[in-house]
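Before any questions on how it binds or moves, here is one chain, the form predicted on its own, in structure tokens.
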Amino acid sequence: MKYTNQRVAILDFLKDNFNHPTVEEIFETVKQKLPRITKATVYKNLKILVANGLIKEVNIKGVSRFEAKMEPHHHIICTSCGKILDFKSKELIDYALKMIENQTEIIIDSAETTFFGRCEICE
């Protein structure tokens, strides 16, 4: 995979952003640095970066969001405002993997859990 200006700008933005931005949010920010970039180019490059394991795509309520945090973690999502928080727990991952052990014909590599609730502001 080539490291183009567009891919580097997208990666730089995602490395410093922990809000799980949408394609639109990434496009608007990267466009400030690269005014000639199109939304289609951003979308295409996001798919390439995901396919190459450099970023993750998280689908929340049917909306694709992206993050550069690649270490295993979970998500906590407010069902009212859509706020997403990361939650790291090796114990939860280990427990989930132990529970599924020998239960499927698929070899499980990883596990992540999504918790849903309402944040303090929405509550």
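Fair warning: this is a prediction, and the values are worked out from it, not measured in the lab. From 1 onward, residues are counted along the sequence shown. Rigid core here is just the name for the largest C-alpha set that superposes within 1.5 Å across the two forms.
Below, we refer to the form predicted together with another copy of the chain, which is not included among the displayed structures.
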Query - Listed range touching another copy of the chain, judged in the predicted complex by heavy atoms within 4.5 Å, from 65 to 73, 28 to 36, 85 to 93, 43 to 51 - result: 85 to 93
Query raised in the report: Is there a heavy atom of Cys119 lying 4.5 Å or less from a heavy atom of another copy of the chain in the predicted complex?
Result: yes
Query raised in the report: Given that the partner is absent here, does Phe115 sit within 4.5 Å of another copy of the chain in the predicted complex, heavy atoms only?
Result: yes
Query raised in the report: According to a 4.5 angstroms non-hydrogen atom cut-off, is Asn19 in contact with another copy of the chain in the predicted complex?
Result: no
Query raised in the report: Looking in the predicted complex, any heavy atom of Leu11 within 4.5 Å of another copy of the chain?
Result: no
Query raised in the report: Counting only heavy atoms, which residues in 101 to 123 are within 4.5 Å of another copy of the chain in the predicted complex?
Result: Gln103, Thr104, Glu105, Ile106, Ile107, Ile108, Asp109, Ser110, Ala111, Glu112, Thr113, Thr114, Phe115, Phe116, Gly117, Arg118, Cys119, Glu120, Glu123
**Report entry** Core superposition between the shown form and the other one, C-alpha change of Gln103 at least 2 Å
**Finding:** yes
